[in-house]
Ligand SMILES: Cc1cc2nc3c(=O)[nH]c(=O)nc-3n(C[C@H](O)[C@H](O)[C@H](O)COP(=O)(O)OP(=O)(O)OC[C@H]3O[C@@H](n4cnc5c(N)ncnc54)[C@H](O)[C@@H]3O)c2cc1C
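Shown next as structure tokens: one chain only, the form predicted alone.
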């Protein structure tokens, strides 16, 4: 059985590290980078140049997986072919697609052309470089930063940037640059309850971050954004750096006459995370439209991607041995949001569907614990 795994993000790497050599099973992983990125910590790399990668080769020892550093360009389900940007073509008997998501700019004029994303290590490096330049005495441009989107990524980014801002301001003797967080919806962090959201908002306020909820970003230029309130009032905000974290959509890389897609371009999958019309294909992580026990889409988070990957790794071995596949049962263990340094807010799941809310250092420890669990699961 010739198996291809596409992508070494949280989902794809979880698949590969669950595998063990099985007779007759040939597994190849295609991943453009030789390292795994902790995507949930990119905001730390953006603000502090923190190392957020792990080399892949040591993690794949003993799995029987052959990794090739290639960039997947197209997946043809009808031909059972995967082509790469480097010009190579791979065929498969079984395919696992975990290529993640791309930024959704919602066709906002000028946004894709002028905003930095936070989807890759190069994005984090670009943001870090701007912050460093903003504190160069010879820099004469606008130093302010505007971040669009007050979900988890946006809030974690602005609070980390605010901490770096304070450090550099004291070190260089220059005034801090301004940070604005723009959100079209009525509140920040909609995944949290009101009490935790209020704590997060208080932290944003303490950093001096300008939070503009109910402000839709309408246009972006090289040095400004135009926002509009619910009552139609427009406002232009100048910026030396514009960063967009306001939405994602599944990578549009798969083709198949019978392929079905749902919201956010996510591929419809069955209870075992396979494409019903193409049962030899598993789609996991941000690209797959996995459903929870209530029939609702599973959030595109690292913890769910890891769960899907681990299950799929086990199911690949079951397929190879002719055993019945296990169904996917998502389990949300909690949600923790970093607010800079040792500050965080969030909740963890307790028995009988209860939640334990946490703030401050304890929440920070729990967020770090989730990373430690992830590291141990792929080691």
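What you see is a predicted model, and the numbers here were worked out from it, not measured in a lab. Residue numbers count along the first chain shown, from 1.
As for the form predicted together with the ligand, it is not shown, yet the points below apply to it.
For the options 253, 289, 259, 174, the one in contact with the ligand in the predicted complex, meaning a heavy atom within 4.5 Å, is 253.
The listed set 234, 89, 132, 71 contains one residue whose heavy atoms approach the ligand in the predicted complex to within 4.5 Å, identified as 71.
The shortest heavy atom separation between residue 285 and the ligand in the predicted complex is within 4.5 Å. In the predicted complex, no heavy atom of residue 148 sits within 4.5 Å of the ligand. Not displayed here, the ligand is kept clear of residue 226 by more than 4.5 Å at the level of heavy atoms in the predicted complex. Of the heavy atoms in residue 152, some are within 4.5 Å of the ligand in the predicted complex. Look at 139-147, 152-160, 108-116, 271-279: in the predicted complex, residues with non-hydrogen atoms within 4.5 angstroms of the ligand sit in 152-160.
Heavy atoms closer than or equal to 4.5 Å to the ligand in the predicted complex belong, across 20-43, to the residues 30, 31, 32, 33, 39, 40, 42, 43, ordered by sequence position.
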